[in-house]
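One chain comes next, on its own, written as structure tokens: the form predicted on its own.
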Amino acid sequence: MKLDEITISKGIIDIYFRDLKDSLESDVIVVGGGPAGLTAAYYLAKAGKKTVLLERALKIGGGMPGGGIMFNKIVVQESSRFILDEFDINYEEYEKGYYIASSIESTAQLTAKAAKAGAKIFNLISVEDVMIRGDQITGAVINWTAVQMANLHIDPITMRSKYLIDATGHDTEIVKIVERKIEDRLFTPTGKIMGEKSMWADNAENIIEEHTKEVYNNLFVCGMAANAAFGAPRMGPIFGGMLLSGKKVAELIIERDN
């Protein structure tokens, strides 16, 4: 078979833009391709929800691939071990209730399972604004990450969805946008982003599911964005809470949307 460079180029362009056009309207947009966002995308897509995941970076996985201080291992506790099993991630028990897994394999398996479940994943795309109609969040305003990095004045385009999930981690990027743009209060005790506290793994892991919820109309938070929005500690390289948070936010939206 003789290969033609133009056919290769056409194939990439045609199929990419077919997927992008089809993703302009969806049930759920997940912003952030870290462990919580990927887990949420998997369970949403598995339930038949049209799911789009947007990641601003080149790589998928957020902070997971780096493990702890660049040691590519992560810790997962007993309560979330079943998710490792569901994603076919290998692990070993270090001490009772502490399970060690490869951060590289974990990232790869979360990504592959989410994609195979039907979630459309786009990397190198940033969300610079949200769509608001009345008091409802109705979508995301997107641009190429390279445009933001180069500080170019290039207008964005929009994606419409029923629900938006902020899975952007510590920075709570989407909630920050919404906080600036709305006249109402967020659904936090203060009405504002409360900010993450210093590292306390036990506290953070035990409370993250409680904070995984709707933070404004049709806008949900999961992962570290949930703890940061509601004023809880960070937890470091233990990822069980991230996985459980991603699963819970998917369940909340599935229940709401059915």
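Only a predicted model underlies this, so the values are computations on that prediction, with no experimental measurement involved. Residue indices: 1-based, along the sequence shown.
Although it is not shown, the form predicted in complex with a small molecule is what the next lines describe.
When the small molecule is considered in the predicted complex, only one residue from Val215, Val28, Val31, Ala45 comes within 4.5 Å through any heavy atom, namely Val31. Put simply, of Ser126, Thr138, Ser80, Asn72 only one has a heavy atom within 4.5 Å of the small molecule in the predicted complex, and it is Ser126.
You can rule out all but one of 94 to 102, 150 to 158, 118 to 126, 178 to 186: in the predicted complex, only 118 to 126 has residues with a heavy atom within 4.5 Å of the small molecule.
In the predicted complex, Ile238 approaches the small molecule with a heavy atom inside 4.5 Å. In the predicted complex, at least one heavy atom of Ile174 sits within 4.5 Å of a heavy atom of the small molecule. Among residues of the shown chain, Ala228 is not one whose heavy atoms approach the small molecule to within 4.5 Å in the predicted complex. In the predicted complex, none of the heavy atoms of Val249 sits within 4.5 Å of a heavy atom of the small molecule.
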